[in-house]
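The chain below stands alone and is given in structure tokens; this is the form predicted on its own.
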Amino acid sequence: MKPLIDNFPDLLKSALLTLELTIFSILIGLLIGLIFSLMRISKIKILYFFSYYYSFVFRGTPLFVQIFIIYFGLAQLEFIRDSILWAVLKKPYWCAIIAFALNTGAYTSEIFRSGFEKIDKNLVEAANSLGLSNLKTFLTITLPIAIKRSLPAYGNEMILMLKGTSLASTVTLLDLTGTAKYIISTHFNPVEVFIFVGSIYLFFTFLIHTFIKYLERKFRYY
């Protein structure tokens, strides 16, 4: 237990980094997913195909490969290093968030697409017949119903994203997993460390689960 006690400040700092990566990635990925899900159900073919292949690529390749390409691969391109993007892409923190957000955005787009497509068209037609604009119908009827139907699957995606942040250590970030590996390499006590770190991940999972349950109650009337 002594190595855990001695390294507790580092573990706490890494836990906060893991939580930070998760929150930022989920928020950005949620926006990406919502936009691409609307593009996916659009009747405009170029939007449909762009969203389809975005989802296909990021869901069809490992997150490990995606984060490596964004951090190590883009750095090999001279025009990237000479562009304004290099101020962001040279930092592992932002590369990790970009990779995580794009990955979870692809899965989120499919989750919301399914939610939108399951909405009864008669509800939308009834709202329009009552004089509601398309925007108001979307904000007050279509979106809340889609969110309610997507919450169980989206909650699972949030938990998967939390666990996916463990790959941040592959681009030199000392998240929970990265710090655990460092402690193990210096003190050779993998069981204690991974049980402790696993407990922290489990606590974060509990927070996400509780949040999703709260949203399910909030949207129970839709």
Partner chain sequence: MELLSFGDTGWGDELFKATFMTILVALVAFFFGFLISIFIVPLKLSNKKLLNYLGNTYTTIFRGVPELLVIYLLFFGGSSAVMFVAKIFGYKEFIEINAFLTGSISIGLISGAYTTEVLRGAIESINKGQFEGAKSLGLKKTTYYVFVIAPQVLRLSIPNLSNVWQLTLKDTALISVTGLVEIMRQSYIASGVTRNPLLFYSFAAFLYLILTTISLKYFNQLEKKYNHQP
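Note that the structure is a prediction, hence the values are computed from the model and not measured. Numbering follows the first chain given and starts at 1.
There is another form of the same protein, the form predicted in complex with its partner chain; it is not shown, and what comes next is about it.
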Name the stretch, out of 88-96, 144-152, 70-78, 114-122, where some heavy atom lies within 4.5 Å of its partner chain in the predicted complex. 70-78
Heavy atom to heavy atom, is residue 16 within 4.5 Å of its partner chain in the predicted complex? no
Given that the partner is absent here, does residue 32 sit within 4.5 Å of its partner chain in the predicted complex, heavy atoms only? no
Heavy atom of residue 44 within 4.5 Å of its partner chain in the predicted complex: no
Can residue 9 be called a contact residue for its partner chain in the predicted complex at 4.5 Å between heavy atoms? no
For 185-202: residues with a non-hydrogen atom within 4.5 angstroms of its partner chain in the predicted complex? 185, 188, 190, 191, 194, 197, 198, 201, 202
